[in-house]
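Shown next as structure tokens: one chain only, the form predicted on its own.
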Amino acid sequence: MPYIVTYEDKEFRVSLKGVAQNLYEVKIEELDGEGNTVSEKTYTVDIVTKDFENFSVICNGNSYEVDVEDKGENNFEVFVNGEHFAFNLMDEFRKKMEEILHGGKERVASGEVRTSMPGKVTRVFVKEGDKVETDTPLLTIEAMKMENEFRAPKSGIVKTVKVKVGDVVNAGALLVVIE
């Protein structure tokens, strides 16, 4: 399964394919803002797990000691031979679902939160004037007997709440605007 890595405001698609015991083919694609491949490199990597967070890696004849710290919410810190890297990592499916639920990069910038599916509003957690941080729960919509929670795509002040509990909304409906 491919993963999307965000590092220093750049996105990469990383795919791992097992070749033999401890041996992997790692394909790294740099992506543009639309998800298209800009550049691509493939490496054969020998990875030995020392313990849950520590690895010994050989790539292109060079040896690396790698320590991984899971910081939660898809954020990781990695130390490679002591050099520090921080990045966000999520599987490609989850990344696409987050973009659908949050409305994509354009809507994140505009602060608009829209639904990609029709449903019924079951909870509203914010009101106009509330200060929210990125990922703050805003509201919940029930669709096909599943509850879908919509979260703030960015930090800011809630400018408008366009729905209330009990409203039935169509796909594409504007739910909340954050400034």
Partner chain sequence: MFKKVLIANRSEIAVRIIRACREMGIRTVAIYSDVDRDSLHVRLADEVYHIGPPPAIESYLRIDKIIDVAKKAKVDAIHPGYGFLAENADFARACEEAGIVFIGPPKEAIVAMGSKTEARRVAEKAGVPVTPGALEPLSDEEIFAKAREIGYPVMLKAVAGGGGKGMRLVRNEEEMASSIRMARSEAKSAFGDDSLYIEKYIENPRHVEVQILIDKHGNGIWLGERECSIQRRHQKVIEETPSVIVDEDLRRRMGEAALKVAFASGYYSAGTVEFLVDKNRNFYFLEVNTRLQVEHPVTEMVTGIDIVKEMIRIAANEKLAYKQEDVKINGASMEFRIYAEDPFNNFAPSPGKITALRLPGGPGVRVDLGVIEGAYVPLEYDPIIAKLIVWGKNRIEVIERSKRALSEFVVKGIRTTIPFHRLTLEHPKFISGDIDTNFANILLEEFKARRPSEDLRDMAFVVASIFEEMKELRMVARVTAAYKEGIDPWKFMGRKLQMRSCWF
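Positions refer to the first chain, counted from 1. Basically, rigid core = biggest C-alpha set you can superpose within 1.5 Å across the two forms. Nothing here was measured: the structure is a model prediction, and the numbers come from that model.
Omitted here: the form predicted together with its partner chain. The next part is about that form.
For E92, no non-hydrogen atom is located within 4.5 Å of its partner chain in the predicted complex, even though that partner is not displayed. Using a 4.5 angstroms limit between non-hydrogen atoms, V5 touches its partner chain in the predicted complex. When contacts are judged by a 4.5 Å heavy atom cut-off, T134 does not count as touching its partner chain in the predicted complex. Although the partner is absent from this view, V14 contacts its partner chain in the predicted complex, with a non-hydrogen atom inside 4.5 angstroms. Of the residues in 48-69, those that come within 4.5 Å of its partner chain in the predicted complex through at least one heavy atom are, in sequence order, T49, F52, N54, F55, V57, C59, Y64, E65, V66, D67, V68, E69. With the core held fixed between the shown form and the other one, N54 has its Cα displaced by under 2 Å. Core-aligned CA deviation for Q21 between the shown form and the other one: less than 2 Å.
D167 is among the residues whose C-alpha shifts by 2 Å or more between the shown form and the other one once the rigid core is aligned. In the predicted complex, the Cα atoms of F150 and L31 sit 3 Å or more farther from each other than they do here.
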